[in-house]
Structures are given as structure tokens and as C-alpha cells.
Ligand SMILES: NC(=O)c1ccc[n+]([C@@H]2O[C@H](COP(=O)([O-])OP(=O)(O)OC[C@H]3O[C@@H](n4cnc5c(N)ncnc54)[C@H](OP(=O)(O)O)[C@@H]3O)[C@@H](O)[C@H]2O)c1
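Given next, in C-alpha cells, is a single chain: the form predicted alone.
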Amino acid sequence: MTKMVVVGARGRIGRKLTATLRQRGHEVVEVSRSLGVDTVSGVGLTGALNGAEVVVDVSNSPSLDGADAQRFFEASARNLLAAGRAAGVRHHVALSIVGVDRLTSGYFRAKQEQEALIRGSAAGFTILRSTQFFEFIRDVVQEGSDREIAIAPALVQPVSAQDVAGMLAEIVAAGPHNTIPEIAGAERLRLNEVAAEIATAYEDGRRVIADVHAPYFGAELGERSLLPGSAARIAPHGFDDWLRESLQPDWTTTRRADAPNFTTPYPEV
């Protein structure tokens, strides 16, 4: 049985990934601040990683402020890599963002630094870049307080959190290849139109306004800023699939945790 450490295990992706890995028979150690392990300070890391072969980091900065994000991702990456070397970890996996290398904001620069630290270490690694989650877009809509919600009309291929967790599980099983694959959803849509449909489905009375200047993690988007490359793995669940399941009260606990089947890359247009 392979021992794996999931960092950010109590988050959106972490919960699903932990369930998937355990279903496949792996020993999983959950790491999060709420469980007493702090990757920024390093508290609890030595014990958590002891005997682990794989570390999967799906944690995120609690703040989108550039300086805060920089402190979080840099300290967390350095501490995880150092603890991993001491523990003999053979595969360091991290979740990142499609477009991170071409978007400019403090948050994206922090993610770029995280990636650079991982690539520059002696550890075998895989960095999975994902397009935006449907769940994130839903949260933006639901958590807004204004009568109108401004969202950029950029093209995007959003993906479900479960499909991302499924591909991470595939990456873990495949072992380190020192690569940066991408995952994207099956459909190419406008970000503001996805948000508007979610608002309608959840009977939210506010309007979604297309605004080319609306910030995305502090960055201004071009039309194609969030699109993956031609080699991206394409997840099987489309927007209608996700929306139908998300509207079911117990969908997060009943949906199967096994990995999805991925299709060929979305053709360039």
C-alpha cells in the first residue's frame, strides 16, 4: 500500500481526491491547518510526511492579495519540498492554473514562483494545470452581494472538481514524469455566460454583466487568456452534466469517486 499525503485535504479538490485515492486502496494522510499541520510555518510536516512516497499539494492561499499569496506559496512549497526530501518522497504533485504563465497579477506571480520552486528541486514532479472549476464560478455568483455581478466575457473551458481529482489520481498512479499537463472541460464557453446560467439555475435574481475589465484573481483577461493548449486532456462532464448534479442536494456525497475517462483534446478554433 502506497502512503500518500494530500495537502489541502479539507478543500474542494482535496476532499474528492482523498476519497478517490482511498477507494483505490492507498493510505492517505490528510494535511491542513485545521488538522494541525501548517505548511507555511512547517509545524507538523515532518510527522505527516514520514514514510510517504507521494505528496499531492492542492492547497491554496487564504488570501488573493499578491503579497499574501507570495508568502503562502513560496513558504509552503519550500517547506514541503524540504520535508519531502528528508522523508524520501519520490513524487511531488501540485495543482496549478491554465494560463498562469501568461497572466499578470500578484496572485499569478505567486503561483509561478510555486511552480518554479517545484521544477527547480531535485524531486520528481508533476504539475497539473487546470482550467477554472464550475464550482468556483458558482461560488463567485452565490457569494456576491451586489445587485449586478461583473464578469469578464473571456473564453473558458470550465471543468468539474471531480474530474480534476480524477486526473490527479491518474497522475499519482503514473509516477513522476517531470511534466506540466493540462486538464480542461469538454466545452468552450464564455465565462460570463456560464455565470449567468448558474445564477438562473439557482434562482439568483441578480444580473451578470459582461465586463472586459472585470478582474480575475487580480488580472485582466484577454479573450483567450484562460484557454488550454492543444494537448490538454479533456474531461467528460460538460456544463449541463455538472449543473444537473450540482442541483441535487446530496450530489457531492453520492457521485462516484472513480477517475473519469478523458477524450481527445478540444480542437483549436
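These numbers come from a predicted model, not from an experiment. Counting begins at 1, following the sequence as shown.
Unshown form predicted in complex with this ligand; subsequent notes refer to it.
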Inset, instruction - Let me know the one among Ala69, Val31, Ala235, Leu49 whose heavy atoms come within 4.5 Å of this ligand in the predicted complex, would you? - result: Val31
Legend entry - Contacting member of Ile127, Ala83, Ile97, Leu103, with respect to this ligand in the predicted complex [4.5 Å, heavy atom]: Ile97
Legend entry - Segment that reaches this ligand in the predicted complex - one of 172-180, 116-124, 194-202, 89-97, heavy atoms within 4.5 Å: 89-97
Inset, instruction - Could you confirm whether Val37 comes within 4.5 Å of this ligand in the predicted complex, counting heavy atoms only? - result: yes
Legend entry - Distance check, Val56 to this ligand in the predicted complex, heavy atom within 4.5 Å: no
Inset, instruction - Report yes if any heavy atom of Gln157 sits within 4.5 Å of a heavy atom of this ligand in the predicted complex; otherwise report no. - result: no
Legend entry - in the predicted complex, Ala19 touching this ligand (heavy atom, 4.5 Å): no
Inset, instruction - Counting only non-hydrogen atoms and a 4.5 Å cut-off, give the residues of 125-141 close to this ligand in the predicted complex. - result: Ser130, Thr131, Gln132, Phe133, Phe136
